[in-house]
Each structure stands twice: as structure tokens, then as C-alpha cells.
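Okay, so here's just one chain, in C-alpha cells, the form predicted on its own.
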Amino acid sequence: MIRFDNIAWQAGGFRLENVSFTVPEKSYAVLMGRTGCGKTSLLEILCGLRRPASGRVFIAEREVTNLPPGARGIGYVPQDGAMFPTMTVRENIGFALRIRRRPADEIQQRVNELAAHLGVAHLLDRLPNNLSGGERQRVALGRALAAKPSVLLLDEPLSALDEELRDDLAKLLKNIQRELGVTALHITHSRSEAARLADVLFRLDDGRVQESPLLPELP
């Protein structure tokens, strides 16, 4: 479960105010809104990368508003994947576990497990600049899931991919969310993406979030 409780945040002339909404536990939620309306800022507030001017953030009934990012139990896939360019795929996926000082054999096991699940086991020794766009997103997803978060945040993870890859990765995202039982919050501009993925749909407009009816999936 994710809950925003009267969140306010301001940067220059832009402001979010009284943002309150709840993502049900183990659901796949999609947040839509025009470019620059504050969707990414909300994810960064949830992650702990930005501090709200006021209001509270909860994950699974635990208030996390003042916790550091690493203590929130969140996996985050930013829009560009944000791969570490000098690290191999293996090192990228295992990063969250290494900074938590997990044993080497545990890291290896988890990395191999995720790589197999995401179809990137044959890429483990490559660097990010030798990967396709779809491969990079799969690796970024593996890195986000490595520490077994309860919440997965995805900032337009499919936007840079061609239509066939988008379809494949959308199916993968939904399957993984269901299999792992994580609560997902996914930002997109795509109505077809929202229709395919959303269990619950929200729209951010004029600094406020409202739940919207689900969109019909295209045949």
C-alpha cells in the first residue's frame, strides 16, 4: 500500500498541493498527466529524493516521510534507467545488495535468479553501452527488484522503446508485479499502456490527483 496524505511541494512557480491518494496493496497503479505536471516529483517524494513542504507519505501503514531512501523498501526505475555505465550488468543488478553489505554468495544467487527471470542471464558481463534499449530496461528492473522491495516505482519505463518491445516489456512488468506481489506505481503518457497495465488509474492535473475510470484495452 502507498498513501500520500495532503502532500505539498513547490519549485519556483510550480506547486503540488493537498495531494492525497492511496494505491491499494499489491495492485498495479498507473499515474497519468501532461508533461511537467509533477508526476516524477511525486515519485521522488515517495522515494525520499525530494522532501515535501508538508504532508505525509506512508508505505504499508508505516510513515516514511522522514526516512532515508534506502530505508523505505522501494525499488525505483527512473525514466532513462540510470544505469551505472562503468559497471557490468551483473554489478548493476547487484548494486542495492552490495551497498547493504549482503554476503557475496547471496548477491550472486539473487543476481542469477533475477537475470534468468528477466531474460538477461547471457548479458551479465556486458557493460550498459553494449545493450539495446529493451535490455537496459530489463537490467534496470532487475536492479530495482534485487533487494526485494514491497513497492516498485516506474517512471515511463517503456517510453523510449519501439511498439513491439513495449508490448513485451509491458507483459513482463505485469507478470512480475503479480508473481512478486509488489505494489506498483507506473507513470506513463500512453493510454494503451495504462489500459493494459492498470488495476487502478490516477490522473494528476493542476497539482491534484484524482482516481479515474479504467481505460478499455485495445484489441
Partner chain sequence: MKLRVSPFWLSLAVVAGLYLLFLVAMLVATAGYTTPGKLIEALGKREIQHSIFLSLITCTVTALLSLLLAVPVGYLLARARFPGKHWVEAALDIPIVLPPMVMGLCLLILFQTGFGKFIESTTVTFTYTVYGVVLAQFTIGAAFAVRTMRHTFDHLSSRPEDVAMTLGCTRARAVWLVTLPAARRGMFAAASVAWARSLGEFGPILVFAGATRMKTEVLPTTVWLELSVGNLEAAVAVSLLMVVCAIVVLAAVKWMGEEV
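Computed from a predicted model, the values in this text were never measured in an experiment. Residue numbers count along the first chain shown, from 1.
This next part talks about the form predicted together with its partner chain, which is not shown.
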Note: exactly one of S27, S192, S159, T40 sits with a heavy atom within 4.5 Å of its partner chain in the model of the complex, namely T40
In this chain shown alone, the residue from I107, V120, M83, L131 with a heavy atom within 4.5 Å of its partner chain in the model of the complex is M83
ask   = Quick check: do F4, V209 and L215 each get a heavy atom within 4.5 Å of its partner chain in the model of the complex?
value = no
With a 4.5 Å heavy atom cut-off to its partner chain in the model of the complex, the contacting stretch among 57 to 65, 40 to 48, 177 to 185, 27 to 35 is 40 to 48
Quiz prompt | its partner chain contact in the model of the complex: I99, any heavy atom under 4.5 Å | solution = yes
Query raised in the report: How about I74: is it within 4.5 Å of its partner chain in the model of the complex, going by heavy atoms?
Result: yes
- Query: Can you check whether M87 is within 4.5 Å of its partner chain in the model of the complex, heavy atom basis?
  - Reply: yes
Answer with yes or no whether R143 is in contact with its partner chain in the model of the complex, where contact means some heavy atom within 4.5 Å.
yes
Applying a 4.5 angstroms cut-off on non-hydrogen atoms, the residues of 109 to 133 near its partner chain in the model of the complex are none
